[in-house]
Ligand code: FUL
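A single chain comes next, written as structure tokens; it is the form predicted on its own.
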């Protein structure tokens, strides 16, 4: 055997401690039950729809009236079926955006569909359809409200909690509650009562994860589908500070393009060097939020900006396949349907995602490795054209792998390194591009204690 395989976690561990008090501290940080469920369903979609759809704006002004919501109908069945074709397992609806207009028949404001010409409760229509089609349903409620006169006072926190209560009690099970920190530069300086919101969600929807200004899921740091080379889930607890997120979120409408171009691949959030300087750690996985179009609300002027299936698939591989979840925004148009261009892109994306695992060579479930498992070598009964390798750690035992190499064994018996990576976490998708091989080898170079691998899937 080539000696390069013998330098692995069970021998020198790349020169760092395999298990000491610090490592024990790191691996003691594990996901809760809600976060474990999240890892099983890592791809879901946003639907930005509301007053801005009717007025053809990206951000509202706060001066709109219910008469400005001119949309008469929606096709919730089409929304859900189209998104389901993409491979997504859930939908989060912008129940209220910054303009303050509510898509449900709220008892606490007259600025809602209840007082418009729209006949029905859009939140109920979509949530009912999600449940019919076995899709998860989630809600977005903007803390910032341009319209409501109570904003900036303690009465607004009461109003906001009343709204949350309606959304979390009248529409079935909710899998995620999404908050952002967007706030206009001229908005009233106002502290949201985050802990009160979180406590209410825990009480009414105990299975719901809270993102992004929330304790369960963190923002990846941009809106362009970019991730870090090493996307850790065990990070300093200080990253849960909602104010830190708010300062980096959109502060005005024009900033959307800037955030899409922001690159955070050089940021280190969870290496040993970072964790050693922080006494309090938490499990805080990253969510990648990105729109299928340039904007977040539908505009016919942005039809040419619909991302191609190839671009969407690359985002999927670099997010879901890089220890993140993916929240892909799909905005319906003012006719109440998802545009045909988006429909086509989503259908083809779903085909590409299904294609990753449609032709398995073999799937292995190693579990916790021992000192005899410094590297994992597999042989095939014939020549295969491998297209993907998919590796998953058992994150119930934390995120342990820090450095690894993946090799294929050519028909002539020689090994070729196809990929060098750092963290694996909930899932790592490695494109192999149809290379002919008769075997494969995973060499874990560095780990925090013994690696615990849930599965290694090899696919043609």
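Keep in mind that what you see is a predicted model, and the values were worked out from it rather than measured. Positions refer to the first chain, counted from 1.
What follows is about the form predicted together with this ligand, which we do not show.
A heavy atom within 4.5 Å of this ligand in the model of the complex is found for one listed residue only; from 192, 388, 296, 198, this is 296. Note on contacts: among 342, 129, 148, 180, the single residue with a heavy atom within 4.5 Å of this ligand in the model of the complex is 180. Contact annotation for residue 48: at least one heavy atom lies within 4.5 Å of this ligand in the model of the complex. Heavy atoms of residue 302 never reach within 4.5 Å of this ligand in the model of the complex, leaving it off the interface.
Shown alone here, residue 415 lies farther than 4.5 Å from this ligand in the model of the complex, counting heavy atoms only.
Using a 4.5 angstroms threshold between heavy atoms, residue 43 stays clear of this ligand in the model of the complex. Of the candidate stretches 113-121, 180-188, 154-162, 276-284, only 180-188 contains residues with a heavy atom within 4.5 Å of this ligand in the model of the complex.
Counting a residue when any of its non-hydrogen atoms is within 4.5 Å of this ligand in the model of the complex, the hits in 87-121 run 97, 98.
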